[in-house]
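Structure 1 and structure 2, given next as structure tokens, are two forms of the same protein chain, each shown alone.
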Structure 1
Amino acid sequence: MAQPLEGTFSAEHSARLLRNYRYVVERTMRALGGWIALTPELSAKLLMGRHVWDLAQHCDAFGRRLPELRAHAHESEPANPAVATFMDALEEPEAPDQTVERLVGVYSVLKPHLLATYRGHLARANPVYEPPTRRILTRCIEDETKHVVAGEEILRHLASTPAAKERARVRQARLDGLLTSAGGVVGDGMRLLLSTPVEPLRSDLSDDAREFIRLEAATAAWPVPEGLGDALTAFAAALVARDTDALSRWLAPGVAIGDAARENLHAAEYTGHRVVAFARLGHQHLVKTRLDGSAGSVVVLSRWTSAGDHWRVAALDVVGRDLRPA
């Protein structure tokens, strides 16, 4: 059967859609690039690092196609001011404990919408005279499908607690609302999206994400030398109990807990402790111990040195503090 010559879009309209896509994709690419340094979790860092380049290529393809449609190359344009507002909100979370919020914005809200929009566009782009645009959309659809699956996998890993799931839900509801108010990234009331059947995403496309999670969780147990494990437990218990005499027995001669560290340690009551980092520095060990309580937590970094069979603290500092308001 001959392919239809009837078209849905004019060249001018097609160019506008590409400028609209380019606007949100470019901003997302720059946000992901900037967030890598602000995100503590390795799995999320690697996810973002992988996708920045894909998005740059999408932007580039849209930008290069534009002059072929009688428009200026590499020009981005929001469909309306509400799209810009949506993107401002998407970029907002920059704090280290907001990885879930960052990922929800990109992987639960924007990318599924972009994927549906690209699919809707592809379904309507004429196969006789729009193959250059169709080829770009086909590549973007393939990439975005992988991105969404991978992002969801990382989100399930990072937002596994009820509290984190609730944060994700609230974040998604807010951004979904803003995107709907904007009428989607092309500002047309999401007509393309709503009238296009969306195939379910294949979970076997998320291999990379599973590997990122494996790499993040690779350390099964710290190789703690004999004797040091007991010392770490006793020292942490003394910190929790604020037992000055017990603490002083673990300190090497000439070592004292400084005023600033003492002030941080005494800022709240702690009930539990656990080792969160265990590093080597020559023959010595650097240990991070997290003290947790209902009012918050602190992270204590101690450097341990051995003298014969005895382990002693050669230096101590508080390197992290997370206190909840009373």
Structure 2
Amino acid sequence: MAQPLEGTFSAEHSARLLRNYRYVVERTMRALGGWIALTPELSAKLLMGRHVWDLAQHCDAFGRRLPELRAHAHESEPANPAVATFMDALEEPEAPDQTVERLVGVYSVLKPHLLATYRGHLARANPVYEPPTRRILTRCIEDETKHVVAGEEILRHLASTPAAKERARVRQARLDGLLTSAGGVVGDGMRLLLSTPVEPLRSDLSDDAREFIRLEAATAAWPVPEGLGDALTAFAAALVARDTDALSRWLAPGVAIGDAARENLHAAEYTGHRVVAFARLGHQHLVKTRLDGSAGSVVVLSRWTSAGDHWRVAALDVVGRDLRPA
């Protein structure tokens, strides 16, 4: 069957679409890169690090294609101001305990929409004179499919409690509304997507996510120096009991629990504790201790240093909190 020479998209229109794609992809790439240092969960860190590189390749491919469409190379532009507003909202969560909100924005809202948009574009791109664009879209579709499946796997792992699921629901509803108001990332994409067939995502594409979760959970055999294990247990017990005197005995001179950390620690009562992460940093050790209770949990990050025969806390902060509604 002969292919028509006329295509759905002119060169000018195709260039605009690529600039629109590049705008949201570039901002997402920068957001993920910045969030890595702010995110305490190893599985989410590894997910973001893996996908930053893929998005950089997408940006580069879109940028290199533009001069072939009689446009300036490596330009990005939002389809309209509402798209910029959506991306501003997507980038908002920066607190250590907002990993779920970060992942929902990228993996439950933006990337599924990008995937559907790329598929719609590919279905309409003429195979006779647009093979370069079609090859780029095919690569992006393959990557984004894997990203969405992996991101949803990590989200199920991290948002397993009723409180976290509710946070995810509220977050997604807000961003879905902003994206719909913008007309999608290309301004009219929501209308075009209605006629694009939806292909199911294969669950076996999330092997990388399952490996990230396994690495995060593989914390049962840390080489804990002599004496530190007992110190960690006693310190955690003092946190659970809110025993100010016992806590102060473990703090190094000049170290105090900040007001924000104290407020988080006192936001609920806890009955148990366990170490969930352990790492050596030079002569010091970083430890994450999770305190659990009927009202929720909190994760305390402490940095331990050896002072002769004694271990002391050189720094302390609360890096995660998940409280259940009363």
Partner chain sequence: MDRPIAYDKLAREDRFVRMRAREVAELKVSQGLPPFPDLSSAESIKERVHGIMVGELQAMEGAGRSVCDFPEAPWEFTMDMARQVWDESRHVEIYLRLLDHLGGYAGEFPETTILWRCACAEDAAARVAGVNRGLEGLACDVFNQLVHIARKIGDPVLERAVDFVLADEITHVRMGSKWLTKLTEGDAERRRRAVEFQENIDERFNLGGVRREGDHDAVSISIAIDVRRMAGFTEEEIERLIKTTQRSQVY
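FYI, numbering is relative to structure 1, first residue = 1. Only a predicted model underlies this, so the values are computations on that prediction, with no experimental measurement involved. Rigid core here is just the name for the largest C-alpha set that superposes within 1.5 Å across the two forms.
The form predicted in complex with its partner chain corresponds to structure 1; structure 2 is the other form. Comparing the forms between structure 1 and structure 2 on their rigid core, the Cα displacement of W35 stays under 2 Å. Core-superposed comparison between structure 1 and structure 2: the Cα of R249 travels 2 Å or more. Shown in the overlay between structure 1 and structure 2, fitted on the rigid core, is a CA shift at Y118 smaller than 2 Å. With the core fitted, the CA of H273 sits 4.4 Å away from its counterpart between structure 1 and structure 2. Relative to the superposed core, N264 moves its CA by 10.3 Å between structure 1 and structure 2.
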